[in-house]
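Take a look at this single chain in C-alpha cells; it is the form predicted on its own.
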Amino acid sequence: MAKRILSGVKPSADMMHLGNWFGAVRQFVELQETEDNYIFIADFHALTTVHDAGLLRSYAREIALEYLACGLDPQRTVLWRQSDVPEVCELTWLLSCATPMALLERAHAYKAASAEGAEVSMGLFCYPVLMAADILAYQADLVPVGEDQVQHIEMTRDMAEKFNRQCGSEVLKLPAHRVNQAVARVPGLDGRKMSKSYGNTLGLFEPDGALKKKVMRIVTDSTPLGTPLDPETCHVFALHKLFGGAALDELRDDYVHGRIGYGESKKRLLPRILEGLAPIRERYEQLRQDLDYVEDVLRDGAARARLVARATLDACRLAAGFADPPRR
C-alpha cells in the first residue's frame, strides 16, 4: 500500500538550488511514482519573516512554479498553498492546548533566536505547533527531512500522543521521519553545505552567465598547476559527481595524475550543470508564460488537501468535545 509522504517548503526570495534538487526535490519526483505525495507551500510559516503582502504572494507562486518545473505532476502529487486550507489553523489551536510550553522552549529555532537576543514573536515560538498541524492534518505516514529537522517530527509525535491521550481517542496518526542517507552532501561555493542561509548556492534557474560566475568562484586550495589533486577533498569534483556519467572516471584520472587544474575543472563543470538541468530549466521558462496554469494547480491541490484536513479536524473536534459537525 502506498504511503502518504508530506513535505512543506517556506517561500522566500531565493530560488531552488542544487542542494534542494539533489537533497529533496528529486526524491519527491521519484516518490510520486509509487507513493501518495502531499507537498505544500508554507506561506503561513513565511509570515515570521516576510511582512510584504505582494512579496509573499509572489514568493509562494514562484516556489510552486519551480516545483512543477522540477517534475512534480499535479495528477500524482497534491500541491497547494498552506493558507488555502484554514483547517490547519483550528487544528493548531487544539494542539496548542495540549502542548506544554517547555516542549516549545526546546525547539532549535527558538533557542537560537533567544541566544542571539532577537525579538521572538508568538509566531516563531509556536512555529512547531503549526508545523505539527501541517503534518497531522493530512494523516501523513512519512515526512522526509534533513538531520537537523528530525526534532520537528519528534515534537509532532509528542503533540499527537498528548492530544490523543487527553481525548481518549487515537484520532491523530503518528508520523515517522525519513532521512535519505543515500543523498550526497552538496557543497556550496565556500565548501560548506549548500544553503540559502550561507549565500553559497548554485540556483537551478539562474541565467547561464550568473551560474558561470558562481562556478568560477568555488573555493579551492592553492595547489600549483601540474600537481596531482585529490578528487575526494575537492568541492568542484564533488559537484561533478552529482551528475555522474562516463566523463567522471576520466576527470578523476586527470586529477590524480596532475593533468588538470581547478580552473579547468570548473570550466568543465558548467556545461555538465547546464546539460543536467536542461529539461528543468526549459520547463521553467514555459511555465513562466502560463502562470494561470500554476494558480489552477494550486487551487485544485488545495481542494483535494482540504477534504483530508476537514475530515481530520472533524474527528479532532468530536474527540475534544465540540458539537457534531454540520451535514454537508
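What you see is a predicted model; the values in this text were computed from it and never measured. Note that residue numbering begins at 1 and tracks the sequence as displayed.
Another form exists, predicted together with a small molecule; not displayed. Remarks below refer to it.
For the marked spot (7, 10 and 135), a heavy atom within 4.5 Å of the small molecule in the model of the complex is present in each of the three residues. With a 4.5 Å cutoff on heavy atoms, residue 61 does not count as touching the small molecule in the model of the complex; it lies far away.
Among residues of the shown chain, residue 160 is not one whose heavy atoms approach the small molecule to within 4.5 Å in the model of the complex.
The small molecule is not shown here, but in the model of the complex it comes within 4.5 Å of a heavy atom of residue 149.
The closest non-hydrogen atom of residue 42 lies within 4.5 Å of the small molecule in the model of the complex. Considering the small molecule in the model of the complex, the lone stretch of 202-210, 85-93, 124-132, 219-227 in range is 124-132 [heavy atom distance within 4.5 Å]. The contact residue chosen from 72, 236, 107, 145 relative to the small molecule in the model of the complex is 145, the criterion being a non-hydrogen atom within 4.5 angstroms.
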